[in-house]
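This document opens with one chain alone, in structure tokens, the form predicted alone.
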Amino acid sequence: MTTNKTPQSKHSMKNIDSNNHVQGKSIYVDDVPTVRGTLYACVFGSPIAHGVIKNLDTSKATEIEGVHSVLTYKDVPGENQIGGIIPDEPLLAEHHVHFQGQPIALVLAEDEKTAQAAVHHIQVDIDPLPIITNPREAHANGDIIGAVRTFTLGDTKTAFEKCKYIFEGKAESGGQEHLYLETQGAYAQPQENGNIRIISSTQGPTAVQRMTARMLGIPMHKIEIDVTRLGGGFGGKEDQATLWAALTAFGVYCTGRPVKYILHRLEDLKMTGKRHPYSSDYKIGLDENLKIIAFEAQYYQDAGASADLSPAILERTLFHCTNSYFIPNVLATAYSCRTNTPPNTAFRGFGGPQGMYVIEVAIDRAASEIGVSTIDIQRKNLLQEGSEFPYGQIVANCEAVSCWDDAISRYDLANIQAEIEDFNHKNVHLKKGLALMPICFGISFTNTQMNNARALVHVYSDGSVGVSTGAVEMGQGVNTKMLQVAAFMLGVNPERVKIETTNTTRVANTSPSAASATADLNGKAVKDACNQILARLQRIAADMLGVQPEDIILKDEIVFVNGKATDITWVQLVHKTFMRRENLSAKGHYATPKIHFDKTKEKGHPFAYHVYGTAITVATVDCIRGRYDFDCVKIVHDFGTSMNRIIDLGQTEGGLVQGIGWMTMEELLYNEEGRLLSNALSTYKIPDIYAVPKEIDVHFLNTDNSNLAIFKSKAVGEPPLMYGIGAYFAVRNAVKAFNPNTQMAFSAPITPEKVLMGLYDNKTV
């Protein structure tokens, strides 16, 4: 079978959802018309962060007019458990509470306001227990979730003995609120024969289906999950959407009526987990040529009150502990520490950014102490073809040096440095800082089993096409890419293709839309399904024309024989195939080859490929007020052979800005009682139009190397976020330009308050 190598429309096709988005026509959970008799849910959450429930009184709430019922764990028909990796998270608290806002009871009422009001009439007596909000304290107490993980390469003990320079220190990185535009929510509806349909805002439809069925004590096939799209996810709806969907299904099971629950923004902020804060120790050793000989790190992950996805996130931290550098001797150990805050969860990068930040801190510290440029150490230690990662995978198709050198020459780094030096010399109370941030990010779920996908493709008798996959559209443009794959493979106009909702009845046993693997996995499943249909169409066309099937290709809705157009159109061929009673549907399947990982040895080949890139960031600091602006971020990024530059550019810019927010301004704070202090948009700051870089320049480093990406178009969802780490060091370097004696701790985010303190720390007058 012959096909073109890459989609012809790869550079021009716009996001198919754009028009509906800007017109307000796109459908989200809360836009689904409500069915008559729908009940509205609201959770009563724990008022304290840790304690033993002595008494729960819901009587006053149930007496309120319009309240249908108040449910507790005693009403759960199956297993009161929604923990995925580790079963340590009850749907509703039983005897203990472990964080403020932990669901204890579920109110069901005739309208939303009544449900919300009734919650305030529930009374609970809780005997308080000690509250821990610091992962190091949790570690000292032995409050560890899952196994302690260690990655090793070489022998650090012996290697440190040979190092000329050795430095040790601490690095802190904070959490981050997902702040998706659409809050968590679900709408469950009863169906015939005890079945339940849930319209959910989830990245993981199968996870919702599995956990809901377990909680209700019924088979998975009785639960149907349907997802049209999400109003943002960023990982926050990979696992944590399960709770809210399961609660609505629980309500349906107990009442026989539809149940809807869309969280208020303040509820969402209070009760959902965030990006994991990390507190880390490092030790780095270099030789006289600035080659990094040894690196050790200990990562204390703040998991929150239950496992959620923390063990998997911890693992990816270790996978990315050396970022884009080859270090021959590595010892990295990670602990998932249980604290009394909401269970922290997946967030764009999935633990990788936290690990990459620490090695960048260690390099920056070494450069400062030795008296050399951080850039020199970074460049001397970049990965090369054939280098070995600490987890055993050998570097192939390495673009680390290519991206770095291209960025330096393309954007004339020497001139940027000269301009900054001149500016800083002329200005007393404004200083500029520069930082380079190389990235290397592995693409695949690190749980090998999850790297598979299916797709269902129908070609209708009129020539139109329907495509169902396990991919969830959440603003990243995956629907557009799936449409591109189907249209290209079948040789039809994109207008003929419809992307269906993501539904567990049509496509079962899906992996979540996460790990930047969604387009690759689902796209290749679509490709497989289309190839099956295409083979049948080619056979019919060959019969019609008296040639061999391998002589036939379909392109531009015309049948071609040996490169020459015939008078047979796509519609005619489909009709002929239909009349011959041939199957015009196919179920495609794809499982990533080659990948494997042995956790008993902590070695293997876990990633299908790696994405590389380099960003140059320039920041200007107001040395009187502590405020800062980002003049520019100039990026050379390894896109492979991009199949949709418009979407990939948007993902790169969005990821960058989200990373800048995490590193510079998004300060997540809990007090000693486990209460969220940054609990509203008045107290939690994210980048706005005034905070983003004044200039973002992205160069596509197009490579045609063989890789396992769909059409060689590399994943782009997560890697660009790590460029934001460069913003941290650009601001820090501007502070050092004003005050070379500053002893600022390596603590992110580097907020204006921290900048102001650093500007005048040990400042000589």
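Fair warning: this is a prediction, and the values are worked out from it, not measured in the lab. The numbering used is simple: start at 1 and walk along the sequence shown.
Missing here is the form predicted in complex with pteridine-2,4(1H,3H)-dione; even so, the following discussion is about that form.
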**Asked** E89: heavy atom within 4.5 Å of pteridine-2,4(1H,3H)-dione in the predicted bound form?
**Response** no
**Request:** May I ask you to state whether L263 is within 4.5 Å of pteridine-2,4(1H,3H)-dione in the predicted bound form, using heavy atom distances?
**Result:** no
**Prompt:** Is there a heavy atom of M450 lying 4.5 Å or less from a heavy atom of pteridine-2,4(1H,3H)-dione in the predicted bound form?
**Reply:** yes
**Contact label in the predicted bound form: T510 to pteridine-2,4(1H,3H)-dione, heavy atom within 4.5 Å** = no
**Fill in**
Heavy atom within 4.5 Å of pteridine-2,4(1H,3H)-dione in the predicted bound form, from candidates F488, Y187, F445, W570, belongs to F445
**Item:** Single option in I660, V358, A515, V97 placed near pteridine-2,4(1H,3H)-dione in the predicted bound form, where near means a heavy atom within 4.5 Å
**Value:** A515
**Prompt:** Pick from 293-301, 389-397, 437-445, 502-510: which stretch has non-hydrogen atoms within 4.5 Å of pteridine-2,4(1H,3H)-dione in the predicted bound form?
**Reply:** 437-445
**Request:** Answer yes or no: in the predicted bound form, does pteridine-2,4(1H,3H)-dione come within 4.5 Å of a heavy atom in every one of E238, R316 and E718?
**Result:** yes
**Request:** Within 4.5 Å of pteridine-2,4(1H,3H)-dione in the predicted bound form, which residues of 335-356 have a heavy atom? Give them in sequence order, or say none.
**Result:** F350
